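First comes one chain, alone, set out as structure tokens in the form predicted alone.
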Amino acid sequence: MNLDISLSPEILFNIFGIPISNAFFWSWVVTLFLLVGAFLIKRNLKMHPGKFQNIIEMLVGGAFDFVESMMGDKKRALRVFPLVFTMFFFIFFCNLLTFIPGQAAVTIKTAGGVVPLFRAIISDYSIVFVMTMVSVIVTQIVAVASMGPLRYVGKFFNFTSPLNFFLGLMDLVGELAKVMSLSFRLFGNIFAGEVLGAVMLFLFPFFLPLPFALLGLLTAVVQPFVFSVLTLVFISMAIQPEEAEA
């Protein structure tokens, strides 16, 4: 028996020449699950809620209060809350999907050979990179709307003095570094957890993998929170103090 660890996801099939990997396929499954779940919850909302609706309202209300405390304003919190809340739940459910028992044994025969049907979605860097770009682009849009286009560009290319020019370039490097820091942190933790769990299960298939599985479960909860909060912090920092006061 060989332990096969691949950094890139396996291709399941092609649609109009576009390769569909197992990670990408299951990302759409999670997306549809969240959309249907949100639709059903909204459709069954009642004025006198039951236990399930009370739990949902408590979770959403607590999350919104946290976002409002970070943004410092209810109006701005209402605008950014759908983004960060969706990011959290998408990553969270993607991570929980990896804990389905026996999924590693499910394979499918393709043109390239036999490949696993399941794969940790967040262990595909391309998916993580797209979410990171959404976070960074939204942050830049907020910064432009807050500062204005000219001030935004002048923040990075300030020719008033050599020192200000150097500091502006450092700000530009810092903005570019957000892509690496956000994406590598999420991808690295999830992929490393998947590899570590697979290695432990391969070497000691009975009792030793359990602590690593619990550690992976903790990571599955913490990493979505970290990614969402960092996105929230970046957006909050993009708002200029004078605009926030206005």
Partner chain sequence: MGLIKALGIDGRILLAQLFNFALLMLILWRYAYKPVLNILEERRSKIEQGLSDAEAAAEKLKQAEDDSRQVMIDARKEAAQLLEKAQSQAELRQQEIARKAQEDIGIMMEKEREKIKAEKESVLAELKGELSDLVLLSLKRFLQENVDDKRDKESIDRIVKDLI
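Quantities reported herein were computed from a predicted structural model and do not represent experimental measurements. Residue numbers count along the first chain shown, from 1.
What comes next is about the form predicted together with its partner chain, which does not appear here.
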| query | finding |
| --- | --- |
| Contact label in the predicted bound form: V130 to its partner chain, heavy atom within 4.5 Å | yes |
| P82 within 4.5 Å of its partner chain in the predicted bound form, heavy atoms | yes |
| Exercise: R151 in contact with its partner chain in the predicted bound form, heavy atom 4.5 Å | no |
| 4.5 Å heavy atom contact, P224 to its partner chain in the predicted bound form | no |
| Listed residue that, although its partner chain is not shown, lies within 4.5 Å of it in the predicted bound form (heavy atoms), from I100, L78, V144, V106 | L78 |
| Interface residue in the predicted bound form among V134, L96, L172, L117, criterion: non-hydrogen atom within 4.5 angstroms of its partner chain | V134 |
| Within 4.5 Å of its partner chain in the predicted bound form: residues from 35 to 73 (heavy atom criterion) | L35, A38, F39, I41, K42, L45, K46, M47, P49, Q53, I56, E57, V60, G61, F64 |
